[in-house]
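So this first bit is one chain, no partners, the form predicted alone, shown in structure tokens.
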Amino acid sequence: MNVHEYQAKELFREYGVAVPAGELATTPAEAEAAAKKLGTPVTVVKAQVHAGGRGKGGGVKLAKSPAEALQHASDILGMTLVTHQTGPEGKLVRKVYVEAGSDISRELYLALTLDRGTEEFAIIASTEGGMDIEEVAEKTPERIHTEFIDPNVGLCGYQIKKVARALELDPPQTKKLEKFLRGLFRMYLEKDASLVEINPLVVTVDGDLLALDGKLNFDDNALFRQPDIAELRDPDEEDERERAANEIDLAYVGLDGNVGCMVNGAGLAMATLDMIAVCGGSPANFLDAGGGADKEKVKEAFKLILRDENVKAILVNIFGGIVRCDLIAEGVVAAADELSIGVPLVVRLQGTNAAEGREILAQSGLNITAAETLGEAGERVVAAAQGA
């Protein structure tokens, strides 16, 4: 789960991580009042959407007066902000964050995440703040320092010093970084975060460290024990289909292809997406119906897939373990009949009662193409999508 920048900075404050003063505004008048309240010579009006690259898209503007803050808020609120992370469709801006300007000496990059390869936490730091970290990694990887933290030991003082050296900080700034990093690390653990990213982390003219931006991602599977974090969810920023899937306990991620997928089990779902790509197609979604998929879930899954107008064919790939294939087949037939599915449908059933399931499909009288192997299923659904 993602949160807005202003929400991330509220959490930073709770953990002693220094951020500039700021106020949220949903109208131009509120933005003007916020600028007056902050009282700084320069304020920054920032679009609040779940995407990076806001400045390049025109979603971050400097204001030298409250009246200018009002004008910038008028321009930004209601705009469709397009960045490299939103896709061409962009995101509607519903709120802005009005923040006190800072006297910036240097811009740095700092992030904290989990490295699954080493099974350790990782602090990622770079002197190249304000840039896309992916671009830095590609062109100048030597400017990125990664410090691994053993979960059984925690963040150690010598590691903070190594990060400080990588960021070229002087001794007083290193002391400030220690408080900064320890607060971030404690928040990361206590709030079940999966990513903390600050780009840029700035060194001010006075030598202070400030989180000028903040991106936080949280583990969805841990939200049951983080009710305060769950309350920060903004449904307006989420894919409508993903939100609907979450409400009925389906794992769904929208993609940009034209082959709809319904699979049970995340591993099988990933293999299915790979096979579609190998066969020359492009998946329209990731959908894991789970091990306990029943008739109702199958029908709801079809509804989700069919919301995407780009879908030209659907592949149902089920391994019958916890759930029997004949029950899935009954669900597929009932849903296909009830929903009048108008795109080609390819179904692969393997596992418990697979033969019975295939027989149900064959006798349904519906236009359903059966497949036995994953390769065969991929080839048939891609051919069907291209034919459509």
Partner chain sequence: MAILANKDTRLLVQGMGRMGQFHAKLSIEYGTQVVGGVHPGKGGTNIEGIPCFETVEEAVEKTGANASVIFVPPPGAADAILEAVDAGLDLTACITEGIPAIDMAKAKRAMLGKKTRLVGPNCPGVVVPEQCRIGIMPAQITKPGPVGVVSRSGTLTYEAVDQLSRLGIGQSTCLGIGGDPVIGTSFVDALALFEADGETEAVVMIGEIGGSAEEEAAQFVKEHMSKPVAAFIAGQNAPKGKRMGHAGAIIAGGKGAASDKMAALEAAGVAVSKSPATIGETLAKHAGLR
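Residue numbers count along the first chain shown, from 1. Because the structure is a prediction, the values reported are computed rather than measured.
This next part talks about the form predicted in complex with the partner chain, which is not shown.
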{"query": "Answer option from D208, E296, D308, D219, heavy atom within 4.5 Å of the partner chain in the model of the complex", "finding": "D219"}
{"query": "D228, D103, D170, E134 - the one with a heavy atom within 4.5 Å of the partner chain in the model of the complex", "finding": "E134"}
{"query": "Candidate spot L114, N152 and D192, all three touching the partner chain in the model of the complex (heavy atom, 4.5 Å)", "finding": "yes"}
{"query": "Any non-hydrogen atom of S126 within 4.5 angstroms of the partner chain in the model of the complex", "finding": "no"}
{"query": "The partner chain contact in the model of the complex: P141, any heavy atom under 4.5 Å", "finding": "no"}
{"query": "Proximity of E372 to the partner chain in the model of the complex, heavy atoms at 4.5 Å", "finding": "yes"}
{"query": "Touches the partner chain in the model of the complex: T40 (any heavy atom, 4.5 Å)", "finding": "no"}
{"query": "Partner-facing stretch of 42 to 50, 330 to 338, 58 to 66, 344 to 352, counted where any non-hydrogen atom is within 4.5 angstroms of the partner chain in the model of the complex", "finding": "344 to 352"}
{"query": "Sequence-ordered residues of 156 to 179 touching the partner chain in the model of the complex, heavy atom within 4.5 Å", "finding": "none"}
